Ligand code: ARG
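Just one chain is shown here, as structure tokens, and it is the form predicted on its own.
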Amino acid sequence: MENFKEQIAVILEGPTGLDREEIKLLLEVPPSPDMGDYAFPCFRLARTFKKGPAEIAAKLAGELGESPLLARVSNAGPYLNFVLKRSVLAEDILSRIREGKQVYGSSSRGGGRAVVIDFSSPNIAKPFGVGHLRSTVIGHSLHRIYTFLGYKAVGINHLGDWGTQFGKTITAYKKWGSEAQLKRDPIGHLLQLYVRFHDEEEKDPQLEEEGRYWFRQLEEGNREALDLWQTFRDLSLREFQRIYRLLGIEFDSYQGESFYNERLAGTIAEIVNKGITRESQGALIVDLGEDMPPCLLRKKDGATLYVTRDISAALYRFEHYRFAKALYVVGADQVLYFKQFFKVLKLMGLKWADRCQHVPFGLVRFKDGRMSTRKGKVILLEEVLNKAVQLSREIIAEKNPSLEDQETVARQVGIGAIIFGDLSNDRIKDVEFDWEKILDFSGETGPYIQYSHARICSILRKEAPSAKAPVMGEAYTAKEEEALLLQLGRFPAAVERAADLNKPSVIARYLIDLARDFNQFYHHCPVLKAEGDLKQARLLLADATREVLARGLYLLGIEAPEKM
């Protein structure tokens, strides 16, 4: 639809005296389709024309002559409304989809610039719980969206593989661990030990000191401590990667907190040299002004903190990627932390500090409270995914028992249901974990979108549109055809908006609307029963819808089955 905005801007350039780019920025989509496809607000012209905006809109509506692009120009109060010719609209949109196929909706706006996306980032030696789902699927979708828009997206899994909790885990393993159990069920055994440590700690406070001791040993390079830590890390990553394979997710880097250990001294020295630190009761801090508490860089015992590593990581990432953006897909409960982190980067005088952005999201909660690893109160993400696949398997067996390759389709639909169930919500809202809701396959869900795609594939298996048939815009006269065409034309804008807001939910909601409009079209406009040119026109419209549904699902990290 950007092409049409450009042409309307050309039409308005002379009569308004405004620059073409400014007109494009002012053009709006009216709140109701009945008002038109685009609206131009005339407030900006009041000072130039010495008249009220409504009077200017009426005058322009009367002066603008006929155009091969426009069916109607009218005024409504201070707005000048434009209705595009439906035949022109259809030919433009459908030609772009047919010629562009998988690149329709993409752009080169990124220009190959790097966007570093820090997402998922589970803690090793702990379960991959359903609480990790949001960061993982939001970050993966953003990675695909930015790549689609011409950026070089870099997905980084900043593993939580360092910190005092590993002293506790080492202590617990040395006291109660089993090598056989560790090999058989590494995450389950480590969780069991972690929970036991905190239970025993309440009875024996000396355990806390033992945990600190073993973390100091780890930081000082003790061979036994390092070997155990490396074993925990390797086994954890192996388990995590199995989950990522289920979700169809890959990362460009698994550099976790431990990667930056050797860089911390240099990072702290660089911050100190900027003259922005001071000592407070033996600790090293950076004052951040009256609006937020100071940032603690190093404790009085010499131990560093998460923020020290994040600063070191930011310096390393800019050095290696020269990023245009650095996104941190982390829960909304860390808003203050990221304000402090980014403020330190600014105080260091780093020109690229403003390129760093926190992408917050609401938490996943139990009905009876928040999840707690210390108490072992965790729903495993793998358990959720497997249950969703099993439910899909049962539905397929009931409704389409003759379906080929049922296992693959059950996996596509089950995993897709979980991902879409998350991404269709505005990321900033909290999500209450509820088995019934997250696995509900009716209504505005991933399976509904996938089924719409599969339905179109079924139509096209019976008869595909002719590759030689021209796009006949005048053939689309039904209101359902018009609504579907307009929806297809909105896809590029939906992708751009999803990137601008860092919200995959924009695309998810778009796909719900597209699937709804297709099903309205399907029920009111026979495709295979139509004849001649009308059949070819409707086959082409269906095929274009299939392409956009598949592309939208891909951007969300969801597969598009051809049969269901």
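Note that residue numbering begins at 1 and tracks the sequence as displayed. Owing to the predicted nature of the structure, the values given are computational and were not obtained by experimental measurement.
Same protein, other form: the form predicted in complex with the named molecule, not shown, and the subject of what follows.
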Open item on the list: Just to be sure I understand the contacts: of Arg427, His158, Lys168, His143, which is the one whose heavy atoms reach within 4.5 angstroms of the named molecule in the predicted complex?
Closed with: His158
- [ ] Consider the chain as shown here, without its partner, and state which of Phe491, Tyr328, Phe420, Trp229 has a heavy atom within 4.5 Å of the named molecule in the predicted complex.
- [x] Tyr328
- [ ] Evaluate Asp310 for contact with the named molecule in the predicted complex, applying a 4.5 angstroms cut-off between non-hydrogen atoms, and reply yes or no.
- [x] yes
Task: the named molecule contact at Asn123 in the predicted complex, heavy atom, 4.5 Å - done: yes
TODO: Decide whether Phe338 counts as a contact residue for the named molecule in the predicted complex under a heavy atom distance cut-off of 4.5 Å.
DONE: yes
Open item on the list: Given that the named molecule is not shown alongside this chain, does Tyr306 nevertheless sit within 4.5 Å of it in the predicted complex, heavy atom to heavy atom?
Closed with: yes
Task: Which of 330-338, 205-213, 245-253, 181-189 lines the interface with the named molecule in the predicted complex (heavy atom within 4.5 Å) - done: 330-338
